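As a starting point, one isolated chain is supplied in structure tokens, in the form predicted on its own.
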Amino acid sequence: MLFFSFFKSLVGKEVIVELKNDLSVCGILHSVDQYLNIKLVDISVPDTEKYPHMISVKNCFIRGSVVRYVHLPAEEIDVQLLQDATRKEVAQLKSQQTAQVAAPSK
């Protein structure tokens, strides 16, 4: 859930999504869902000679399972906030595991 929440905070920002087939798509993040499917608007492709069919595409929906990397704007990343959220999530998972071990099974 941490990544989903983080990506939701980037809606309206420009990102570059690199796909597993080596296609990179630059655009404005319009929406993201819990499966990390991504919708981009006003897209462009840096390598138009390799992907000429992408010149006319303006909006796209990218399935989360085909994403290799998402390049984010550096000024939008609050490292301290991400570290704190990660620590809280890990502590929460540990407390859940401890509660499961302590609870007698029937």
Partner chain sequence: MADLDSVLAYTANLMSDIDKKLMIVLKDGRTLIGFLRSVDQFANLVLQDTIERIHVGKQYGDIPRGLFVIRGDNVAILGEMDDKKDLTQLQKVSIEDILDAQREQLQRRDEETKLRNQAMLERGLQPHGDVGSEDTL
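What you are looking at is a predicted structure, and each value in this text was computed from that prediction instead of being measured. Numbering follows the first chain given and starts at 1.
One more form of this protein, predicted in complex with its partner chain, exists but is not displayed; see below.
Colleague: Has each of 87, 90 and 96 got a heavy atom lying within 4.5 angstroms of its partner chain in the model of the complex?
Modeller: Not a single residue of the candidate spot has a heavy atom within 4.5 Å of its partner chain in the model of the complex.
Colleague: Answer with yes or no whether residue 77 is in contact with its partner chain in the model of the complex, where contact means some heavy atom within 4.5 Å.
Modeller: Looking in the model of the complex, residue contacts with its partner chain do not include residue 77, since no heavy atom lies within 4.5 Å.
Colleague: Looking in the model of the complex, any heavy atom of residue 11 within 4.5 Å of its partner chain?
Modeller: Because no heavy atom of residue 11 falls inside 4.5 Å of its partner chain in the model of the complex, the answer is no.
Colleague: Determine whether any heavy atom of residue 82 comes within 4.5 Å of a heavy atom of its partner chain in the model of the complex, and answer yes or no.
Modeller: Heavy-atom contact with its partner chain at 4.5 Å: absent for residue 82.
Colleague: Spell out, yes or no, whether the shortest heavy atom distance between residue 28 and its partner chain in the model of the complex is within 4.5 Å.
Modeller: Residue 28: no, not in contact with its partner chain in the model of the complex.
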